[in-house]
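Before any questions on binding or motion, here is one chain by itself as structure tokens, the form predicted on its own.
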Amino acid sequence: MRPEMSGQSGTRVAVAGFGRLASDVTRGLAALDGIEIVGIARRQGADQTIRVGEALVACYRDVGTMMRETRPDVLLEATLPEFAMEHALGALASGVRPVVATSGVSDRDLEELGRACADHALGGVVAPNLSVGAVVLMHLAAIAGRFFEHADIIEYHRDRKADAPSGTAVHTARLMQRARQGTFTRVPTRTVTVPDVRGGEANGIGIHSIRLPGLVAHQEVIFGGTGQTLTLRHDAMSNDSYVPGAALAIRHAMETTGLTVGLGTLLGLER
């Protein structure tokens, strides 16, 4: 028999994925008024419980079973890109609003998810980054991109991050290119002695991924112009930085219909 969630009731949130980031965000959300964590899906832990704040929360291996048994209002999806769409579409089919905090969701998947939100008349959010500071950085980078022809993005994450580049870096480059209404210029190097030493490229923007133990989530955007550079940087010192953004996305999904992409839209920074 599944334990009942104790404490103040509110928006019922089920969580898919319980890695380092998702577990920290889940515990932060559980401490907020108006949010009730009702279930957690992870690879190990069926028929077990996890203490989240003052409550014991049931664990499931299968996301669909979790949604059927816990009847959440919102599914916080924080697994891997290859599972995110399946979980988000399954949530909508069950009348549950998805908040996808997984990076690496493709433009094609966003279009499909947007259609599904419209078909079911439910709200949904895809946020490559839930940190308010990171989102402000992306907004400022888009502004600066209008005035500089050359730019590189350097993103730093822990060594066990599954994907590269980060979804934040990809979204930052997309916003910069959109604001510029054209591609950036990347000057080629004549002689390259180490393969891929200059990183990847998106719309003329160099993107470099650093993976090291001890890092959390950090990003620099460096612009170059005649006789000058401009550097924007954000540092997330702990996963606690994602909790306010996650709560904002959950509230937005509950109050609207249709798909919203990016936390910047919820902050009034993007349209």
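Each residue number is its position in the shown sequence, starting from 1. Predicted model only: the values in this text are computed from it and were never measured.
The same protein has a further form, the form predicted in complex with a small molecule, not shown here; the description that follows concerns it.
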| query | Of the residues 228, 231, 238, 44, which one places a heavy atom within 4.5 Å of the small molecule in the predicted complex? | reply | 44
| said: Just to confirm, with a 4.5 Å cut-off on non-hydrogen atoms, which of 114, 81, 133, 200 contacts the small molecule in the predicted complex? | reply: 81
| Would you say all of 141, 155 and 176 touch the small molecule in the predicted complex, counting a heavy atom within 4.5 Å as a touch? | no
| field | Touches the small molecule in the predicted complex: residue 63 (any heavy atom, 4.5 Å) | value | yes
| Does residue 262 reach the small molecule in the predicted complex, with heavy atoms at most 4.5 Å apart? | no
| Proximity of residue 19 to the small molecule in the predicted complex, heavy atoms at 4.5 Å | yes
| request: Please check if residue 180 has a heavy atom lying within 4.5 Å of any heavy atom of the small molecule in the predicted complex. | output: no
| remark: The stretch from 36 to 44, 200 to 208, 218 to 226, 49 to 57 that lies within 4.5 Å of the small molecule in the predicted complex, judged by heavy atoms, is 36 to 44
